[in-house]
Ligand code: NAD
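Only one chain is shown below, in structure tokens, and it's the form predicted on its own.
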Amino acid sequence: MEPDLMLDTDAIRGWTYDLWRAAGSNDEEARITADHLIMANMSGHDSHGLSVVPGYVRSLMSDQLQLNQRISIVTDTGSLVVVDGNRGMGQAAAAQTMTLAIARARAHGVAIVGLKNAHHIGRVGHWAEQAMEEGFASVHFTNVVSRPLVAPHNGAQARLGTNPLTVGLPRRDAPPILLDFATSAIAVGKIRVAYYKKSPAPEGVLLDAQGAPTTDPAVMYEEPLGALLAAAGHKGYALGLVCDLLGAAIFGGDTPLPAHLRKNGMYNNMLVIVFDPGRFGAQDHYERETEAFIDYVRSAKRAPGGADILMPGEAERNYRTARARRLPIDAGTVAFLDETAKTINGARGSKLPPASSTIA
């Protein structure tokens, strides 16, 4: 396995911005998208960072991804709203949705907002962070409308998406709590990174086309296709199913039924509940109890191996410190990014340099 290449963080962020500007995004959309993707890499979630760019460009070239869209309101009852992303850039659609949800929660104490028909919105924890930066808590149920990727419990064929569940809990003078995980045993993007690296996937997360366990990531990208397992068996499967129904169907979004799939399309629906924790009237208690409980949890005797007991979201903060100046990106992903630059240059007549020009 080849070692990762080290890319200058600021330079590759600039390159990503320039790529989307060359592709046709306006300044705001290109900035939001580039910041989001690079932050995913900085947070240790390479599955939702630069490795998705080639797929996004394929969606754009096949007229699936629509640039420079604004969300449109479908239903509005004040604290409950449904918006349509109009197949727009998911990062921009989700940012607009969260801005709306935060404003409604500020006015009403709580807001429930459904976003449907958006292109891939990326790392959902990013949107919980947007709420927490304004002092709001949030809960997110998200589904994935692409070819099915996850087998149901006791099944051997994919029927569900990776459907993340996300919770953000702000704290007044301390780091927030951020839970953000796929309901599959592993995010499919992590399998994509392993495929690009030509390295094996972890054990216990993949089935081949015959339903047998495998560590070959190619089963998710080469025929005959296999499937991801659900996280924690029947529990992750049930959560994933609820994300399809509560995070999409209940407010008009699609589930990954064959009739809803589009070639090269990669879409999300998201139900977000945003609320002001201060409205419960127990803010001081919450802060004291949270701090005391974290101290109590960390006081547990360490398991053999001596790793730290981390709070949800702490690993991402540690990664951001380590990756503030240089991002480790596998050579396969960088090669795909270089090809993507050629695609955009050929289609738009631009002169975008290769991503490999940002190697530190």
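Given the structure is predicted, the values throughout are model-derived calculations rather than measurements. In this text, residue numbers run from 1 along the sequence as written.
In what follows, reference is made to the form predicted together with the ligand, a form of this protein that is not presented.
Every residue in the set 45, 187 and 313 has a non-hydrogen atom no more than 4.5 Å from the ligand in the model of the complex.
With the partner omitted here, the residue from 121, 150, 128, 248 that has a non-hydrogen atom within 4.5 angstroms of the ligand in the model of the complex is 121. The ligand in the model of the complex is approached by residue 179, whose closest heavy atom lies within 4.5 angstroms of it. Contact check for residue 164: a non-hydrogen atom falls within 4.5 Å of the ligand in the model of the complex. In the model of the complex, the ligand lies within 4.5 Å of some heavy atom of residue 144.
Though the partner is left out of this view, residue 268 does reach within 4.5 Å of the ligand in the model of the complex, counting heavy atoms only. Residues of just one listed stretch (65 to 73, 25 to 33, 331 to 339, 313 to 321) have heavy atoms within 4.5 Å of the ligand in the model of the complex: 313 to 321.
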